[in-house]
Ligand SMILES: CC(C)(COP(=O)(O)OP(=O)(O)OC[C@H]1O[C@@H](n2cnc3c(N)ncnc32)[C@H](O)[C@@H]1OP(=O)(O)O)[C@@H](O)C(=O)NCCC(=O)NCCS
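The chain below stands alone and is given in structure tokens; this is the form predicted on its own.
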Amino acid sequence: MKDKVIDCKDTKISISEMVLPNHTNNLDTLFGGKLMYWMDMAAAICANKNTKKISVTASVDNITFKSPIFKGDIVTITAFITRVFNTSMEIFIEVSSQNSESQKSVISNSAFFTFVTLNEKRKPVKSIEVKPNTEEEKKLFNGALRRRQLRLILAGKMKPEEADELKSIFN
């Protein structure tokens, strides 16, 4: 798979769920943990669809809940690979909810998930490369290295002075 490159848009997947009573808290809004589960599933499906191998969650960036999602709403989660590194890939997730009565849609969440592709011996391997084409894809692709370095620093796997992309933040 090393030599193959696909467009970011070709990695895109979308899943939808209806928010049912057992998905909600006492305010009739979606449990945050349930949404995070759905987001993780979307990222896993995206990774698997594109690598045809087992991929596992390595990290999840900050998830901010911008607006509540209510019982009866339709939640659509879109995911695509923004960039591939040595043995990891960054997947952008966007969540929108649509009110079933008014049909009004709002973007309620977004986040970056990092997945690692594994071979048959469960060892990390390089994944398929992606190429950005749209302005949004290019912006996400270009920012991915900074986000990766920040993740590595926060995880204690990289020293701030080694993060070439983040020098202006730490100096």
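Sequential numbering from 1, following the sequence displayed. Quantities reported herein were computed from a predicted structural model and do not represent experimental measurements.
Separately, the form predicted in complex with the ligand exists; it is not shown, and the next lines address it.
The listed set 107, 63, 56, 145 contains one residue whose heavy atoms approach the ligand in the predicted bound form to within 4.5 Å, identified as 56.
Put simply, of 116, 111, 128, 140 only one has a heavy atom within 4.5 Å of the ligand in the predicted bound form, and it is 116. Contact with the ligand, judged by heavy atoms within 4.5 Å in the predicted bound form, is confined among 116-124, 99-107, 65-73, 31-39 to 116-124. Within 4.5 Å of some heavy atom of the ligand in the predicted bound form lies at least one heavy atom of residue 152. Using a 4.5 angstroms threshold between heavy atoms, residue 157 counts as touching the ligand in the predicted bound form. With a 4.5 Å cutoff on heavy atoms, residue 78 does not count as touching the ligand in the predicted bound form; it lies far away. Applying a 4.5 Å heavy atom cutoff to the ligand in the predicted bound form picks out 85, 86, 87, 88 from 63-94, in order along the sequence.
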